[in-house]
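The chain below stands alone, shown as structure tokens; this is the form predicted alone.
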């Protein structure tokens, strides 16, 4: 038996960050949206455990974790331990989500692996247990399971669906050099020594989603990590300026960066913005839309 599960990248439409808690994590209030840039994880029966990763030519293969250190390895161990079984499978990951790019590609892989291995092993993990295991793996993994548009709290791992009947068009400009999420958070703390313990709310943005108001959505996009990302990599500010001059309604850094995303008025507008940014010399510019489904089986044989 072989299963292939697809999981989406995420964009943080709102990323409100509070001062670090006693455990070192930052409290977050975020609005996630799953978009149509996806990774596929394929699992097959095997007597042992093996994991392979393929990447497109625009992803640096050196960014791929060493064998045994991939988040998918950890996902398999946690799921197997939960059921008291041995983690055995032949696993392959086909990457399309930028790595170390602020779009939660690793989290998507972990979510896809949990769904695929649950099916392969026939263990029928409950939704609550699957979300709990996902939260152990990382803050964005539960959302990668859920997909769509969702409100995230805690450190982002507590997710609640947000009704979203819209189709929102995005352009993503991929930076060839990744950024360290911990480094961006540390710099956020340096720049905001008096940060409020409570992260900023997202009321206007949630209203925009509820009413389908594109202009309000553009005006309400927020990323509290953007200043830190700009400070660590000033070229990102220029990317945002270029995208907005090219016709995007609004641009912002995705998560901790360095991928920059731009909200467009329509599919045609997104393609026009992408063409302009490509003409400006950006090698990897992706057009996508959201919201899309979370981790789900696409093939099984």
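Positions refer to the first chain, counted from 1. Predicted model, so just to flag it, every value in this text is computed and none were measured.
The form predicted in complex with a small molecule exists for this protein as well; it is not shown, and the discussion that follows is about that form.
Here the chain stands by itself, but in the model of the complex one stretch of 149-157, 122-130, 210-218, 99-107, 99-107, has heavy atoms within 4.5 Å of the small molecule. Contact check for residue 30: no non-hydrogen atom falls within 4.5 Å of the small molecule in the model of the complex. When the small molecule is considered in the model of the complex, residue 269 lies well away from it, no heavy atom lying within 4.5 Å. In the model of the complex, the small molecule sits within 4.5 Å of a heavy atom belonging to residue 70. Residue contact check for residue 65: one or more of its heavy atoms lie within 4.5 Å of the small molecule in the model of the complex. Checked against the small molecule in the model of the complex, the candidates 135, 205, 93, 87 yield a single residue with a heavy atom inside 4.5 Å, and that residue is 93. The three marked residues, 6, 118 and 299, fail to reach the small molecule in the model of the complex, with no heavy atom of any inside 4.5 Å.
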